[in-house]
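Below you'll find only one chain, the form predicted alone, shown as structure tokens.
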Amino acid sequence: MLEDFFTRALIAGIGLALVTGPLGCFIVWRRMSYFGDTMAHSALLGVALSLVAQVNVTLGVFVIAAAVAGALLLLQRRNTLSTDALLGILSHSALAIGLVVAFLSGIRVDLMGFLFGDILAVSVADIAVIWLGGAVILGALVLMWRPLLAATVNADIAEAEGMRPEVTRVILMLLLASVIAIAMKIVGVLLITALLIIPPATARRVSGTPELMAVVAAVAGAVAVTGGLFGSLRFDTPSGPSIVVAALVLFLVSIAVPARLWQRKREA
């Protein structure tokens, strides 16, 4: 019989993977992988400011992550630097400011806890937050799927069709900020970033359509969570990194299989 804490971790992890898989597809399609690290570092700044202001950490992380995303959009419009340079500046600046704020305020922040989380310590309330918040995020993603996909494929054509790609981009960034906010304290920002990138990268090779890729990414993430947790239980390894290793194994399997074999399976 599985212990209660393990069952809760499994349910929470799968719930998160079902959201990060489809949402992460847009990160892979738009080549925004470094954006995930930027949001993760901004989340640490949100934690520090939330503790100083004595407000809800989840709300504080969402506000700061959304503010960083907005700053990126404004800086991109000025065309002063490339996107990767702007992401690097925002990422490390947010992390540094967060550490300085925590030091000056005398607040002790468990950085390891926020980076790697403790999925084995999730409560029923945490599970409710992940599944309810995830349902809202997935619902918004489904409603915005066509405009988001059109803007990803060709922003000019999407604008010509009246889809307003800039608005859809803001919505996508807000959805990413929401995912990080609801799950950061539970599973850590590094695990969230990994689940946003590795399962979609795995699904991209084996999927023939964007919709199928989103489904496969969600399934791959859920399999990685399950395999990682059982591996952690079997080998007594840290749960978060074990999940990332399991996701990596799935990705390596996907690239090891010849592309023509995946093509045949899709056609069958």
Partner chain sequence: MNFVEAPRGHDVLVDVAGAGVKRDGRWLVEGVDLSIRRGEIVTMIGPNGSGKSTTAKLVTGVLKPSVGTVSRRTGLRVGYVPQKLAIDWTMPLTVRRLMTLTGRYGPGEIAGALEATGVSHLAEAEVQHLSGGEFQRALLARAMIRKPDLLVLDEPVQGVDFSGEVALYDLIGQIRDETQCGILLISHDLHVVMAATDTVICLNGHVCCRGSPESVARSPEYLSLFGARAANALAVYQHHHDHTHLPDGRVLEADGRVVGAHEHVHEHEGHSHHGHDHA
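Numbering follows the first chain given and starts at 1. This one's a predicted model, so the numbers in the text were calculated from it and none came from an experiment.
Form predicted together with its partner chain: not shown, discussed below.
Judged by heavy atoms within 4.5 Å of its partner chain in the predicted bound form, the contact stretch among the candidates 124 to 132, 89 to 97, 141 to 149, 191 to 199 is 141 to 149. Its partner chain is not drawn, but in the predicted bound form it has no heavy atom within 4.5 Å of Asp84. A residue is said to contact a partner when one of its heavy atoms sits within 4.5 Å of a partner heavy atom; Trp29 meets this definition for its partner chain in the predicted bound form.
Although the partner is absent from this view, Glu211 contacts its partner chain in the predicted bound form, with a non-hydrogen atom inside 4.5 angstroms. Although the partner is absent here, Thr80 sits far enough away that none of its heavy atoms falls within 4.5 Å of its partner chain in the predicted bound form.
Scanning Val153, Leu104, Leu74, Val167 against its partner chain in the predicted bound form with a 4.5 Å heavy atom cut-off leaves one residue, Val153. If you take 53 to 73 and check each residue for a heavy atom within 4.5 Å of its partner chain in the predicted bound form, you get nothing at all.
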